[in-house]
Every structure is written in C-alpha cells, then in structure tokens.
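In structure tokens, the next block holds one chain alone, the form predicted on its own.
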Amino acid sequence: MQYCHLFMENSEIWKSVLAQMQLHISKANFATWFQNTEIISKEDEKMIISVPNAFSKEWLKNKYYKLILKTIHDTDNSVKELEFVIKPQSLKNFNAVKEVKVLEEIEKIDAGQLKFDEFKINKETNLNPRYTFENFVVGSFNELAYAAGLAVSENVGNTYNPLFIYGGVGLGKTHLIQAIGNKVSDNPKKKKVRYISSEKFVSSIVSGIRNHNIDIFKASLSSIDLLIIDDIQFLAGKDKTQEEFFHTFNSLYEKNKQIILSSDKPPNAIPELEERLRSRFEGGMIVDVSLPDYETRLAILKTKLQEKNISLPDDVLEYVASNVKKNIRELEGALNSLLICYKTNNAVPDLETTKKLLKNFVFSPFNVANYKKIIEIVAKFYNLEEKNLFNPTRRKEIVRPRQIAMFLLREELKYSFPAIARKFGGKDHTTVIYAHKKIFQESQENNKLTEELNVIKQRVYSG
C-alpha cells in the first residue's frame, strides 16, 4: 500500500512537470523528449527519472535539467538533484547477452557499412516500416520540419497542405516523410497512403503513355488519402510528367487529400518547373532541414550505439561529433568505420586510433569553400554548365547566376573586386561591385533569393 501511495505521488508530480513543460517548449520538442518518461523513485534528495534511450537521457540532462528540477522542487522542496536512467526493455539487454548482441551487430559490418536489420517494404504503401517518428532524431536543424510533419500526421489533409520539405543530401528528409506516412497508415482510421519516388512517378507516366494505359496509373492515385513524392526536383524539365502531376495534384487537393513533397531545394529555386506547379507547392507549408549542430550530432551517435548495445569512449564520440559535420549519413559512415575497427581488432578504438581512421572524414575537401567549388555549385544549382557563367551574354538566365557567383566569391572567400573581375575574363571591376551590391541589397528584401543563397552555401560547405 505504501508503494502504491508513493507511485501515485510520483505520478502526480510528473504530470505536473509535463504540464509545465508544455507551456515552455514547442509541441515537437515535448513529443520527442518527454514521451515514455516517468519518475520511478526518490532517493533522499534525488529524484530518479526513467527515459527510453540514451538520446533522450542526453538531451534532457543538457537542455531541460534546470527547468525540470525547478518544477519538481516547487512541488517537493526536498528534491535537490535529478538522475536520468534508461529504463531497461528486458533482461536480455544486459550482461552476457549484451556481449552476444554486440558481436551479432558487429558481424553485420560489410565493406564499411552496417547491414541494418532488413524490413520488407510495405507493398501497399511502398513505405519502409523502419522509418518512424520514434527513431527520428530531432534537433534545432529540423525541429520545424518535424513539428509540421507531426501536425500533418494527426490531421491529414487539413493542416499544411501541401507540406514541402527541402534540404541537402543525407539530412533525413526521406526518413521524416516516410515516418509521417507510417504513422498515418498505422492509424485505426486506415487512411490510404502511397509513397513514390519522383523517378518512379516519371517512369510510370512514360510507361503509361507508351502503353496507352496512363488512366490506370492515374486511377490508382485518385483514391489515395496521403500521397508522398520524394525528390520532386527531378520533375524539372519533364513537361508531360509535370502536366500529369498537375492534374493529379489538383484532383487530390480538391478532395482535401494530403500531399507531401521533398526536394533538395525550395520550389522557387527548382529550374524548369512550371509556374502553375510552383504556385501549388508554395500554397502550403515550406520547411527546410539544415545541418545538425554539435549537440545533435553527439546525441545521434549515442543513440545509434544505444540501439546496438555498444559503447565507445566519450572522448571518441566527442571527437567524431566535433569533426564530422557534412550530414547525418556521413556521421553514420564514420561510426561504421569505428565499428569495423572494433570487430577487426577485437578492441575498442581509442582517440588516437579514431583520428587515424577518420582522417578522410575529418579533413574532407568539402569542408572548405574554394573558388572551384563555388563555381561548380552555382552552375549546378541553376542547371547550367560552368562555362556558361563566363559567357559574356546578357541573357537573364546567365547574368543572375553569374552575379550570385561573384557575390559569393566576395562574401565567402573575401576576394578583391579586381580579382573576381579577372576570374570572369577581365571584366571591369565596377561590374563586380555592381553585382555584389545588387545581390546584397536584394537578399535583404527578397526571401526567395535569401533561400537560394542559403542552400547554395550549404552545398558549398557540405559537398
């Protein structure tokens, strides 16, 4: 009876904490960090709080410790300290069985990559069930995208329609949009969900036209409650596909069906995209996913290790998080390299070994901006050949990217105006001054240009 009384008391205290947290933090953060948490005991002046994984433990301890402690202290002023513990899932995670699990996971390493547990793709939805909100890593770099995705999954067709998520390679866009789909698909209301890559969409349109049965493909989409298309930028320049997608989009939208799109750039920066489609994309919610910060990178590493019941020294993880910055995919690649070392040498890699193993990750040429990289990225972004930027033509589709390249050379590399002029075939340096001033002033007033510059700079520094 005494235990039940204490349990109820702790339960009420934690409910009070959760209520306060909801007033101080965003819905996305609350859902991410406080689900599956509870007070499990009190030891003298210390309150013991269980969390589901190492990621939550790290984040709550670093971000919300003072706020949680203050809230608990207001209810029980004898509490002076908090301890976060990972609640064991089952006894098999510990001791001898844990060691077996480590070896089993390490044995999955092949050619530098971990072979993650295979999941069969759902044939009806095309979704990978491994992609869920529960294992999606949330940080300042993707918090808005996560919150928007969660809102859409809870109110399909009525919130943020369409939802357009953009960002660089390896930052988790596919994971997030499929997590939305999986949550909607698992809902008892049984909404019809379909995930499709833009390449598959294009090939289906081409095949339908060739075989004179395109209506069958279009009919298969007409009953969908949630349509998810990945890498929509690949529709650029494909006029017939864009036309068919425009009709599909309108048909679903008019029925309040949800549409989710992902891209490597915002709608206004996708070249050769029909204006009517661009307008449709911009009519909903547009959110970006940027590069994860240090704290998030460290939490990602700890979460991955927690999932595999493997431990690496803190100084090793801190070194990886501090130096591998390109994207989440590269971060996982670096971790895999360490686990290969673990398996091969049957020993945990120390800091010096880690530095040697990750030399190619840490000293990647992508981490440094240079003239060649800026020219290459600007040309690719605007769907041009590099030589086009040096063409003396006054065509708008060339002049604008050229001015942006000049602006970035000045801003990012601090080149002098005459030096930039020489790079562009000996132009008068006043031309470069004009270009820099024009782009700078417009970027202060034009959100579209600001977004383009941000995406270009992200690619310059991330490769």
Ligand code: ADP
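The first residue of the shown sequence is 1; numbering continues from there. Being a predicted model, the structure only gives us computed values, none of them experimental.
Quick note: we don't show the form predicted in complex with adenosine-5'-diphosphate (ADP), though the next part is all about it.
- Put simply, of Leu317, Ile328, Ile375, Leu127 only one has a heavy atom within 4.5 Å of adenosine-5'-diphosphate (ADP) in the predicted complex, and it is Ile328.
- Only one of Glu244, Asp225, Glu332, Asp288 comes within 4.5 Å of adenosine-5'-diphosphate (ADP) in the predicted complex through a heavy atom, and that residue is Glu332.
- Contact annotation: Thr174 falls within 4.5 Å of adenosine-5'-diphosphate (ADP) in the predicted complex, judged by heavy atom distances.
- Contact check for Tyr131: a non-hydrogen atom falls within 4.5 Å of adenosine-5'-diphosphate (ADP) in the predicted complex.
- Though the partner is left out of this view, Phe249 does not reach within 4.5 Å of adenosine-5'-diphosphate (ADP) in the predicted complex, counting heavy atoms only.
- Within this chain, Val169 lines the site of adenosine-5'-diphosphate (ADP) in the predicted complex, having a heavy atom no more than 4.5 Å away.
- Partner contacts here mean any heavy atom within 4.5 Å of adenosine-5'-diphosphate (ADP) in the predicted complex, and among 250-258, 337-345, 204-212, 137-145 they occur only in 137-145.
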